[in-house]
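Starting off, we have a lone chain in the form predicted alone, written out as structure tokens.
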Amino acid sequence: MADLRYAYYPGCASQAITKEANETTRLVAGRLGIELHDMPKANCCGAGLLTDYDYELYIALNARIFAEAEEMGMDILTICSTCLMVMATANRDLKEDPGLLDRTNKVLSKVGLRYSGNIKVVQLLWVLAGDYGLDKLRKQVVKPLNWLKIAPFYGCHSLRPASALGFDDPEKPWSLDATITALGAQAVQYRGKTKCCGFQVDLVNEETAELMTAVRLLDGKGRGADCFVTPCPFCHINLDNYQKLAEKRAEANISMPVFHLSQLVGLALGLSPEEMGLSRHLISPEKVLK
């Protein structure tokens, strides 16, 4: 296997609200020998909010990120599923439309940049399940999580649109389930693992969003899950940070710990709960740890 080197794009949320996701990703990558190279000039991807408001600006902003990675000679790895979806969709459009790529490069030329269309955008989950490989990951596990039943929660933006992402089947994904198994745990099967956590619904209808969050968590809990894991920081915010609101809205006791993917991997690699930043969670995972 060739050396794994990526231009690292953590995204805004993982540098502010969910800092533990960024910090633990760096620790886990270092332990696995995956090189993450910072992108000091990178801008915000637009978080999907610019797509309909100003499409050409959205494309140009993302092409600027791609151009920096291309100069670095690396594909982009992000741990934010929204950034993944936004950037992968822009990248698809640029690769499929030569006219759009040409117009965008004229804009980029004003700041001395150019994008040729040769960059891929991936997330940590895909790297572990694909580029790094689950067989190799399994061999690095020193503390198998064999006492845990874990509900995988993929998040919308890790799966859709399939035409831009394409790693998993959006209806029958495998990568997060298989990663859980490689860490020695049991992946719990439940209906909601591919559905929306309610995060973007929060912006327009808090009551509906809180009920959506409760339904997802109760679905996994009803199937015997000890905890949840997600590769998406925004899903983590809804499932963990807003869980108490979801409990009140649903009039139910949920009490479900929610891990970032990097945290579960780190624990299986022998890193400590303190190194994994578990104290930052609103729902304590202490009860499911050994």
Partner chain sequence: MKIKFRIRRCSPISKEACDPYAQVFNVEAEEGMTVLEALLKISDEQDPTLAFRKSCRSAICGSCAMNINGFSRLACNTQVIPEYKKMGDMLIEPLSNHRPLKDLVVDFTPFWRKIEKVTPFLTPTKKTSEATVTAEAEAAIDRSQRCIMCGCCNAMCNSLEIDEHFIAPAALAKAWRLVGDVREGHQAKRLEKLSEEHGMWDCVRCVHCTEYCPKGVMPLKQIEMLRSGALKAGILDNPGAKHVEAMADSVKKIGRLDEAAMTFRTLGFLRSLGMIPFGLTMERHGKMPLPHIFPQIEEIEEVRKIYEEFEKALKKKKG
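Residue numbers count along the first chain shown, from 1. Because the structure is a prediction, the values reported are computed rather than measured.
Beyond the structure shown, there is the form predicted together with the partner chain, which is absent from this document and is the topic of what follows.
**Asked** Which one, 135-143, 119-127, 178-186, 164-172, holds residues whose non-hydrogen atoms are within 4.5 Å of the partner chain in the predicted complex?
**Response** Looking at the partner contacts, the answer comes out as 164-172.
**4.5 Å heavy atom contact, Met85 to the partner chain in the predicted complex** = Met85: contacts the partner chain in the predicted complex.
**Request:** Answer for Asp131 alone: is it within 4.5 Å of the partner chain in the predicted complex, judged on heavy atom distances?
**Result:** Because no heavy atom of Asp131 falls inside 4.5 Å of the partner chain in the predicted complex, the answer is no.
**Message:** Taking any heavy atom pair closer than or equal to 4.5 Å as contact, tell me whether Cys196 reaches the partner chain in the predicted complex.
**Reply:** Yes, Cys196 lies within 4.5 Å of the partner chain in the predicted complex.
**Asked** Might Glu23 be said to contact the partner chain in the predicted complex, defining contact as any heavy atom within 4.5 Å?
**Response** Contact check for Glu23: no, nothing within 4.5 Å of the partner chain in the predicted complex.
**Asked** Exactly one of Leu32, Leu36, Ala47, Ile254 has a non-hydrogen atom within 4.5 Å of the partner chain in the predicted complex; which residue is it?
**Response** Only one listed residue qualifies here, and that residue is Ala47.
**Prompt:** Even though the chain is shown alone, can you say which residues of 14-44 have a heavy atom within 4.5 Å of the partner chain in the predicted complex?
**Reply:** Gln15, Ala16, Ile17, Thr18, Glu20, Pro40, Lys41, Ala42, Asn43, Cys44 sit within 4.5 Å of the partner.
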